[in-house]
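Each of the two blocks below gives one form of the same protein chain as structure tokens; they are labelled structure 1 and structure 2.
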Structure 1
């Protein structure tokens, strides 16, 4: 079961990994720097000597960064691959960005400017834009997808957590980009079906 979402754990784990590696590097580099500042202090009359042609050092400072960057990339790739590989039974919703608002289109033809989703149900978003580049971003669930003109970008999503959260645009798109917000409401399946039927009846 997805207490928050199918994607949030992978993002949190990737972020924790990157922060941990960055912290280790920061501490290690700082300690090394302070050590050499002390060792080669002018008052101690120490003279630094260049190290040339040390194959071991060259291999170490080449291989270790490759391994660290590769690990970061792998964590990110696993999360991204999950995000863009929807399950077969997902409900499809079109997400359309336009300066400076969001539109949502459901499979039965309902259109809305606020996103309603059923809890515990897989959702497939088809993200695009009508004018310039936008980015469909729900901070609470840790995912975003670029909304590009004349292109459909696919991602899927599922959560058991019910509530209301912000949807933002994470790509600068012009004068009122700062105010390109709407809401996502995650509700029980019966409540979602009732809302969808009411919206469908209102469009007839």
Structure 2
């Protein structure tokens, strides 16, 4: 039904699917309710009719919602699954949260406080923290992963889109939680390699 080619689209699609169904149901419920309140107002409808229930209706409005939420569950699961399915040859990056900044460590030992990613390449994030809990959140990438002091959480991600976006902390971590912002830059693979080499040289 949807093009699940990348994670960002899959989240957007699942969101659209759930919001669409919810909106239809909400509008339906609200209009029915207001129509009944108008039509059966005591001024127009003096004598109420006692209807104690209807088994068929109860079954119908139990089964249909179960099927709808089943679909919602499935779309949510599909997108999530791409994040936790291991990919070979991924660029490995350690993401470390500390009150109140982010550290990124690359395989060749390069350390940075802004995140550089190669476009169209699989990336493996290993997320942890030094002090209290944080959460590694890139709104544009539609995911976050809590950074905990005693856990290494691993996610796989890939995007073709180049650009610069915000990284925020999403788990409350004290005084400057609101200001734990940094940037992610997604650049072409050659440009990324050049940046990494330059950083490595700078470290020496």
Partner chain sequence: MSSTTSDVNVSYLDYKGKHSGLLGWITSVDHKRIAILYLVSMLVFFSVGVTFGFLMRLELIAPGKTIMEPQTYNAIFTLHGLIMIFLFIIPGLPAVFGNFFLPIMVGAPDVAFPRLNLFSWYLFIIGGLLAIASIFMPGGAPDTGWTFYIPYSIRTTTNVIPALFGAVLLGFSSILTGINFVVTVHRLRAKGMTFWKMPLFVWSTYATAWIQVLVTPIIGITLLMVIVERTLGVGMFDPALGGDPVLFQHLFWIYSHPAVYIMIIPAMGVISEVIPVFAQRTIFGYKFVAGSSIAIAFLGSLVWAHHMFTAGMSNTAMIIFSALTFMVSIPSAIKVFNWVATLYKGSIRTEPPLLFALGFIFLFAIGGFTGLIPGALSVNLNIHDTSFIVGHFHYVMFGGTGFGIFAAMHYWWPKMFGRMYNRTAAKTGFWVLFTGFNLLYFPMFIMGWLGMPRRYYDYLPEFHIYHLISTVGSWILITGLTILFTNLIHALRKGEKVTERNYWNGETLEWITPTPPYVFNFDKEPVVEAGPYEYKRNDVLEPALEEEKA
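Between two forms, the rigid core is defined as the largest C-alpha subset superposing within 1.5 Å. Numbering follows the first chain given and starts at 1. What you see is a predicted model; the values in this text were computed from it and never measured.
The chain appears twice here, and it is structure 2 that represents the form predicted in complex with the partner chain. Residue 58 shows a C-alpha shift of 2 Å or greater between structure 1 and structure 2 [criterion: core-superposed Cα displacement of 2 Å].
Relative to the superposed core, residue 33 undergoes a C-alpha shift smaller than 2 Å between structure 1 and structure 2. Core-superposed comparison between structure 1 and structure 2: the Cα of residue 68 travels 2 Å or more.
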